[in-house]
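This document opens with one chain alone, in structure tokens, the form predicted on its own.
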Amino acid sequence: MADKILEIRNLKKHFSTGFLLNVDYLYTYENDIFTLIGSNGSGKSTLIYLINLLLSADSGSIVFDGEEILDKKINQQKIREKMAVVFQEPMLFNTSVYNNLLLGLKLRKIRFEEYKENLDFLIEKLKLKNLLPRSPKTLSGGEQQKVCLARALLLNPKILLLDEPLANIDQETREEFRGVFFEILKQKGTTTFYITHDRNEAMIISDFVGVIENGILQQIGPREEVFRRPVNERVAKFVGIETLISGIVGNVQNGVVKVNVGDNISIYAVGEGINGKKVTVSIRPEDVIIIGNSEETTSLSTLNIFKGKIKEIKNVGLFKKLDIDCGFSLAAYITDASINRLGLRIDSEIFAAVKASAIHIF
């Protein structure tokens, strides 16, 4: 695994409003895309400002590229020159797009010739050629942000700090541009610290994910681990897990935990447990398999097959979400085609299956 290029320990920042940012431990590996997700006002942008030394911390440590950057003796300008930042609102000057792209090189007194190949690469990948002579005032919001991102990438920063740079771009443009931009990041191996409130975006682009809420870092780890194995109910809800069931561990055998969640209702999960311990069972909606009749269940090897009744059917983009009463409330995603094939409607009785390996308990 690559080295950690950023490590934050016991970082605190108090504000007069009473808000406290308190990060015990956060880290980023070289060449990875780290995404910090959280609701508005959770402290995401504050952390970006602290890393970039635009705010001073009350206490704690930030080690970046092998240096403790909160040390008052450190040359802050030299540290910032190893970083590049793009904020939510485009920050461009009243000159041509081409001059805006070169602005960072000029401010840092970097020879253009050394970066020409990189500039040509970014102009081609981001389709900026026809925009170069234009004024930023004539560009759309998406085009302006493209220029800001290209200017930042041109500097080949040790770390790229992105504060929701795609938040104000329309959905269609955002989805198209996001794919191209993050392909560039991976191709160039740019270490990226990206903050967003969009969990779907985090699921698509990230190597590592952190979840922050009310100024407290709740969890950090590889993307799959955070989305599938949340450490608490707060994280579970934020990463899109709607089925959360309280229960008591009844038995543990051969790496399978039996959790009793109601009268004669048990859920089996792969993992560890202690008999009699109170736990929460979490099930992602996309891990639920809907079966139309009992005959089909005989071919399944899963330990978890629940009989239930559909209480609600909701549109959730490309899928429908079923709210199923199985003695507990179970959320499941299903396609329109499957709903039509199975003839599902409100009050339809169905069976729902979930593999024990897909269920997480905490």
Partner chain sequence: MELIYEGIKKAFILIFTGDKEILGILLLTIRVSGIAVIISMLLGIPLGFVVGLNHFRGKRIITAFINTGMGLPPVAAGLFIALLFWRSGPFGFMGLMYTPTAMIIAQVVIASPIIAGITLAAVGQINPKFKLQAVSLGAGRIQMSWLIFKEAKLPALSAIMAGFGGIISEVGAVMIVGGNIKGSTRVLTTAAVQMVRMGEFASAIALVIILLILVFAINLILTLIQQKEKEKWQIKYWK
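Residue numbers count along the first chain shown, from 1. Predicted model only: the values in this text are computed from it and were never measured.
Unshown form predicted in complex with the partner chain; subsequent notes refer to it.
For the chain shown alone, G250 is not a contact residue for the partner chain in the predicted bound form, no non-hydrogen atom being within 4.5 angstroms. The partner chain in the predicted bound form is approached by V85, whose closest heavy atom lies within 4.5 angstroms of it. The partner chain in the predicted bound form is not approached by L126, whose heavy atoms all lie more than 4.5 angstroms from it. In the predicted bound form, at least one heavy atom of Y49 sits within 4.5 Å of the partner chain. Only one of S96, Q219, N214, T173 lies close to the partner chain in the predicted bound form, with a heavy atom inside 4.5 Å, and it is S96. Contact with the partner chain in the predicted bound form, judged by any heavy atom within 4.5 Å, is made by just one of S266, S135, N232, N200: S135. Of the candidate stretches 258-266, 186-194, 240-248, 74-82, only 74-82 contains residues with a heavy atom within 4.5 Å of the partner chain in the predicted bound form. Scanning 105-124 for heavy atoms within 4.5 Å of the partner chain in the predicted bound form gives L105, K106, L107, R108, K109, I110, F112 in sequence order.
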